[in-house]
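Next up: just one chain, as structure tokens, the form predicted on its own.
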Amino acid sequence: MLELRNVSCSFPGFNLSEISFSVADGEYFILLGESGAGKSLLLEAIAGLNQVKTGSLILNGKDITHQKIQQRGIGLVFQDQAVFPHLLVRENIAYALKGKYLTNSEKENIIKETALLLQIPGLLNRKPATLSGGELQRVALARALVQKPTILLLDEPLSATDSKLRSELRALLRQINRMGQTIIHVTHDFDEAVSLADHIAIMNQGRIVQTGTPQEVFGKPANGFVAHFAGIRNFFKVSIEKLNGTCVVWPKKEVAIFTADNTETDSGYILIRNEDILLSPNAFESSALNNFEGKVVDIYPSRSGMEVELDIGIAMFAQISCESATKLKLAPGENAWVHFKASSVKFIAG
């Protein structure tokens, strides 16, 4: 297990502040955040490339905060691969075994075994200049894995790949993780995080703002930043009151929304997932407590169908399939009804 305990680092014009989280053995842990959040700097601090100012790094019960890079048992794959252009692929991978007390035969067996796992045995005698971006990424992974690291650190490993190659590399990373390899992976890509992570830490401006499983983090964001980062469009600051024991929130004076969440505070935030909103061309009887007539502002393609923007007194966004958009005959300027259950309205203290 790796534990970060109140780790802080200083850089010109930027600080990592009191970072704390733990990564269990065999876990796939994602550091997720926008560019400039400090993700790569934190990864380099774990590797030993950046000096920790305060706090500690504990790996399997041992304090490695000030330990040399070579002694940490940590593998690091950079965003740009950092493959030596003048060396063959075999020599690039073998470079990571320098200083190991292994015979040439043992080194060769490890290289071949790792190359087979990374599906690059046919590339061992080629120069990096002849390889594609995906092949270079596999070489960089192989060079890190031959060291048999306790933890593998990945800095934006899929950022420079097309969608087909990205899918192949995701499958490969999942396979490596299932073989027992602990992985900490830096990315700014929401889909990448959801498809790979056991646990996620969201970073913003040098701090961790939320940690948890993907379901915990994106099902109930801790604050507005996380909600917007997760692509949740229906996020509103609200005032609160109780009516006959039911909690009613007001994002705007003219708009009252029922929620099943109970709170004793008088203000906060609510979020409603796009997928939890039902649309209809006309009003109808339903179990949903929240029913509003609105006007369609716009309709546009999204990664899972169509996103519909409506004006119900506040801007509301719904996610529907392409088939539903056609069936409902929705069009900008037309009226439509918005329905969602009180249980779909999640309250966040603020």
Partner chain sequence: MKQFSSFQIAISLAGALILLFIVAPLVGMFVSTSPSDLFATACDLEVQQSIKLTIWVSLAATIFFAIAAIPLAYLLARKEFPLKSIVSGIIDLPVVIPHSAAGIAILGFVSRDSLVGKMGSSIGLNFVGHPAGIALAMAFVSLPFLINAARDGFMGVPVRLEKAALTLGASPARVFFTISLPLAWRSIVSGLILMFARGMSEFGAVIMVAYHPMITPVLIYERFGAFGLNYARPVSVLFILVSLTVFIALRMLARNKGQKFSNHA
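Keep in mind that this is a model prediction, so the values were computed, not measured. Positions refer to the first chain, counted from 1.
Separately, the form predicted together with its partner chain exists; it is not shown, and the next lines address it.
- Residues placing heavy atoms within 4.5 Å of its partner chain in the predicted bound form fall in a single listed stretch, namely 71-79, out of 241-249, 71-79, 190-198, 261-269.
- Contact with its partner chain in the predicted bound form, defined as a heavy atom within 4.5 Å, is made by none of Glu216, Arg303 and Glu307.
- Checked against its partner chain in the predicted bound form, the residues Gly122, Gly180, Gly133, Pro85 give one hit for a heavy atom within 4.5 Å, which is Pro85.
- Screening Glu91, Glu168, Asp276, Glu113 for any heavy atom within 4.5 Å of its partner chain in the predicted bound form leaves a single hit, Glu91.
- Residue contact with its partner chain in the predicted bound form: His185 places no heavy atom within 4.5 Å of it.
- Interface residue remark: Leu158 is not counted as part of the site for its partner chain in the predicted bound form, having no heavy atom within 4.5 Å.
- Put simply, Ala96 is close to its partner chain in the predicted bound form: some heavy atom of it is within 4.5 Å.
- Taking the partner from the other structure, its partner chain in the predicted bound form has a heavy atom within 4.5 Å of a heavy atom of Glu44.
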